[in-house]
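In the form predicted on its own, a lone chain appears below as structure tokens.
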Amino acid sequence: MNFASDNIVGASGPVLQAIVEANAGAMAAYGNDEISVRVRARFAELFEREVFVFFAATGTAANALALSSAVPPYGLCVCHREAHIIDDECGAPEFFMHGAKLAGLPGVGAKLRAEDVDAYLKGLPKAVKQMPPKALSISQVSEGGLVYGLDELAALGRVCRAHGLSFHMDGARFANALVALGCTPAEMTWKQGVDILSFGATKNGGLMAEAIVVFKPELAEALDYRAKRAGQIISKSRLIAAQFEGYFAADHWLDNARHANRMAALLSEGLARLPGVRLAWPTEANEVFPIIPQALDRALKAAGLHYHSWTELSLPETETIGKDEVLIRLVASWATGEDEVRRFLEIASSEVSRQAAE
């Protein structure tokens, strides 16, 4: 059983079927095909307004290109210190921003608070020796598995407007956050001040399906050129676009996300009932972050269960990891079966009982 990531499973049936159907015949290349046109229109429907949509093959490319449109080489992008863009993308955003820097701020559960961002921005020197802040980037869902509420997003949007920053959202798990909040895509983005979005589908049933969705027109002006230079203007773009057609059809994307979140909730509830196990943060989407005894960690791995240990940097001040404990991350996906979750819990419960009896 593998709970290491939602990247480890393949593409869903509707997405694969859409690729097969799009594969037949000849169509215009480089995004000028009828499928790409339809999908761009579908994005506009979902977000309830005109948007600019640029397809990409990876989330790293989407993030790096999105930020390059908002931050000049002499600028600064503010993010959480554990954000994916600063910790997991090998400097790609800074590379594509041609030397601009990422400034990582602390925050519980890898979330940023508007008041902390505001205080940081107000404290920056205004002299030419200081790189001026040009963008704020947040991960929705955060790297701690937490979801920004609409009021939190609105507060961050106000801070961005007050300081003249573009507001970027890394939506690698956009659908998981959306169903957790029970709102619309528009309500979770531009209506709260988001200017540009990295819209991820790969973790939620796509094969390789990412998009940059731009709400602020001036940020879209050079993205075609930036994407071309990055090798992200794909000749057979219809096969990227088709994935979104299968993804959106009959709300398949939302069903996938609801299932993943439900499996994570089941896993979280079961683990929280075990003696000696507690949650580092609430389970709000499809990731679970339990603190478990090291002996249980060893036993789970010996039983062939796969997951990752996790950083303690964003724990609440009231929480510490004991010398005989470890913080781990478990991720449920659209393909995670309830039988897998229950089997994981059975193994964990049995091992906790065995260790208590020793």
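Given the structure is predicted, the values throughout are model-derived calculations rather than measurements. When you see a residue number, it is the position in the sequence shown, counting from 1.
Heads up, the form predicted in complex with another copy of the chain isn't pictured, but that's what we're talking about next.
Partner contacts here mean any heavy atom within 4.5 Å of another copy of the chain in the model of the complex, and among 263 to 271, 248 to 256, 71 to 79, 111 to 119 they occur only in 71 to 79.
This chain is displayed alone, yet in the model of the complex one of P217, P275, G182, G99 has a heavy atom within 4.5 Å of another copy of the chain; that residue is G99. Note on contacts: among M188, A155, I234, A280, the single residue with a heavy atom within 4.5 Å of another copy of the chain in the model of the complex is I234. With a 4.5 Å cutoff on heavy atoms, G91 counts as touching another copy of the chain in the model of the complex. At the 4.5 Å threshold, heavy atoms of V53 stay clear of another copy of the chain in the model of the complex, well away from it. Mapping the unseen interface onto this chain, R161 falls outside it, with no heavy atom inside 4.5 Å of another copy of the chain in the model of the complex. Contact between N23 and another copy of the chain in the model of the complex is found at the 4.5 Å heavy atom cutoff. Taking another copy of the chain as it sits in the model of the complex, the stretch 48 to 66 comes within 4.5 angstroms of it through a non-hydrogen atom at A57, T58, T60, A61.
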